[in-house]
Structures are given as C-alpha cells and as structure tokens.
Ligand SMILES: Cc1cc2nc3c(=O)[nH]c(=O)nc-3n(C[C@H](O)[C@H](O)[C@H](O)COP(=O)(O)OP(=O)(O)OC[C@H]3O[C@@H](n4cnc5c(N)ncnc54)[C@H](O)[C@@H]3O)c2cc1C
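Starting off, we have a lone chain in the form predicted on its own, written out as structure tokens.
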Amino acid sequence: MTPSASRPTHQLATVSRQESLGEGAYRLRLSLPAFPAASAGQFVMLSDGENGEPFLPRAMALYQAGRAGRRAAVEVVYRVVGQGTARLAGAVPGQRLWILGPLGRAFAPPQPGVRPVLVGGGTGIASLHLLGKALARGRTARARRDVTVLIGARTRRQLLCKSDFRALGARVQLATDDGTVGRRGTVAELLENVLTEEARRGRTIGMAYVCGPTPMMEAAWRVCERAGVKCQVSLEGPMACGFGVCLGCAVPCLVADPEAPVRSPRDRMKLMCTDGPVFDAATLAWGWES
C-alpha cells in the first residue's frame, strides 16, 4: 500500500458545519489555515481538547480534504457509538477541535486498464470517497461508469453517502440486510453477484477496495479470493495514538514461513495506524473481530 507522503500536522481546527445524516450518523466539516496533502484511505485523529476532553482521540477516515477559499477544509463521516463520538456529535459551528493527520498508509491505485469496485459497509463507505474522486478524476463520463460502488447497511435509513458517489458518475448499487432498498442481503453478497455478472459479460473487475465492519470485510475478501480478484481493505478499529506508539491497534498477519521462529510479536502482527489502515487482504490472518 502507499505510505503517507506528507508530514502530519497537529493543530486546532474550527467546526464550520455539523450535519446529521440520520440514525446517529453525522458529517463534520472542519476549517483550518492549512492541511497537508492527503491520499485516499488516510485518516485523522480528532479530540475536543479545548473543553477538557477526558477521552482519547477518535480515528476518523478522511471523507474530504481540500481548499475552501483561502483555508483548508476537512470532512469526516461517522456514527455515534460511545461517549467520545457523542461528544463530537455535540460540536457546534465555531467550536475548535484538535486534529492530527493525515496519518496511515493509503490505497494503491489500480493498474491501468484494471476495473475497480469500491465496497463500503455502514460508515466504512466514508473511507472510500477520496478514492472514488481520485478514480473519477480525468476520466470521461463514460469511463467513470467503469467504477462500480457498492454500499451496504442494515436498513435503508442507514445507507450513507450514495448521492455523493452518484455525483462522481460511478455506477452505484445498494444492499440492505432487510431489503428495504436495493438487493436484499449483505454487501458482500452483492459483491459476489456483481463479480459474477460482470465476468459473464466479459467485463472483468480486477481490484476491490473494501471498508466496513471486520466480518463484512472478511466476507468480501473471501468472495474476491474465490473470484481471483485482488482486494485491498481499510481496517476500522480503536486507535489510541495514531502513530504506532501505544501498540493498541495490532492485528494478526500472515508470514511467509509459518514454521520460522518468531523473533518478536511484530513478526506476526501489524498496526492499523502505521502499517495500515489499508492492507492487502491476502496478508491478514482473518478470524478476529474488532
């Protein structure tokens, strides 16, 4: 995967907008004097330091990163899952938050001529928006239709960001567990259907980019493995520091020689924050759930 090319910044950013997306999901926009160039798949750490935030920072995928007039603008999409994200959801315009980033290793772009599919489950779709923009950039409207985006959620009300991906010109398909919109079932099942149908038409997809709950990513990886499609995943999980000091975000990985002596735990573990969050799915020892 592609390492970060920019030195991260740590500074106070001002909340310029907080938008409720329903079902406990939010889109938060921050304004700051400058922000380093970020790549698709990287993340930031956010905390409410000005107000005596007692919680650790929260890792958030970069949904948007660019300029807004003379200032930089950063957006994240998240869902409230505990006290820390609940405090972020209470942030109002004008309030200032600490931001550290961009951090982590980014997605590797597909080779020329390789058709990609982006697969997002729940808020995992937020990790894929910068990638979608990068893939659409420079393509004709017709060529953008070669980028397929699959978005899944438990129910229609929890589907996120579909209009933003449609605005990129990509082909967007939906899946919900309860069948309230799109295909009934998981987004991994939708992926299997799409790969099969595209292969039948002679339009093979060669790379999958996946983010969402760990079981969903593992299921998507198994689908890709059976179909002979390469797969990159962006892991989600709690991170205390974001730059490899606390070692709290370790995940098991495969080694070239399983019989070789283990010199240190790092021989068979990788860190989401520095080795990832983006990994080649084939290098991970699946079976855990974060």
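Small disclaimer: the values here were computed from a predicted structure and weren't measured. The first residue of the shown sequence is 1; numbering continues from there.
Keep in mind the form predicted in complex with the named molecule is missing from the figure; the text below concerns it.
Colleague: What is the one choice in 66, 252, 237, 36 with a heavy atom within 4.5 Å of the named molecule in the predicted bound form?
Modeller: Selected option: 237.
Colleague: Which of these residues, 60, 223, 40, 32, gets a heavy atom within 4.5 Å of the named molecule in the predicted bound form?
Modeller: So the residue touching the named molecule in the predicted bound form, by this definition, is 60.
Colleague: Taking 4.5 angstroms as the cut-off for heavy atoms, does residue 154 touch the named molecule in the predicted bound form?
Modeller: It does not: once the named molecule is placed as it appears in the predicted bound form, residue 154 has no heavy atom within 4.5 Å of it.
Colleague: Is residue 78 a contact residue for the named molecule in the predicted bound form, using a 4.5 Å heavy atom cut-off?
Modeller: Close contact exists here: in the predicted bound form, residue 78 approaches the named molecule to within 4.5 Å, heavy atoms only.
Colleague: So in the predicted bound form, is the named molecule close enough to residue 93 to count as touching (4.5 Å, heavy atoms)?
Modeller: Taking the distances in the predicted bound form, the answer for residue 93 is no, it never comes within 4.5 Å of the named molecule.
Colleague: Under a 4.5 Å heavy atom criterion, is residue 126 part of the interface with the named molecule in the predicted bound form?
Modeller: Close contact exists here: in the predicted bound form, residue 126 approaches the named molecule to within 4.5 Å, heavy atoms only.
Colleague: Go through 138 to 146, 113 to 121, 70 to 78, 193 to 201 and give me the stretch that gets within 4.5 Å of the named molecule in the predicted bound form, heavy atoms only.
Modeller: In the other structure, the partner sits against 70 to 78.
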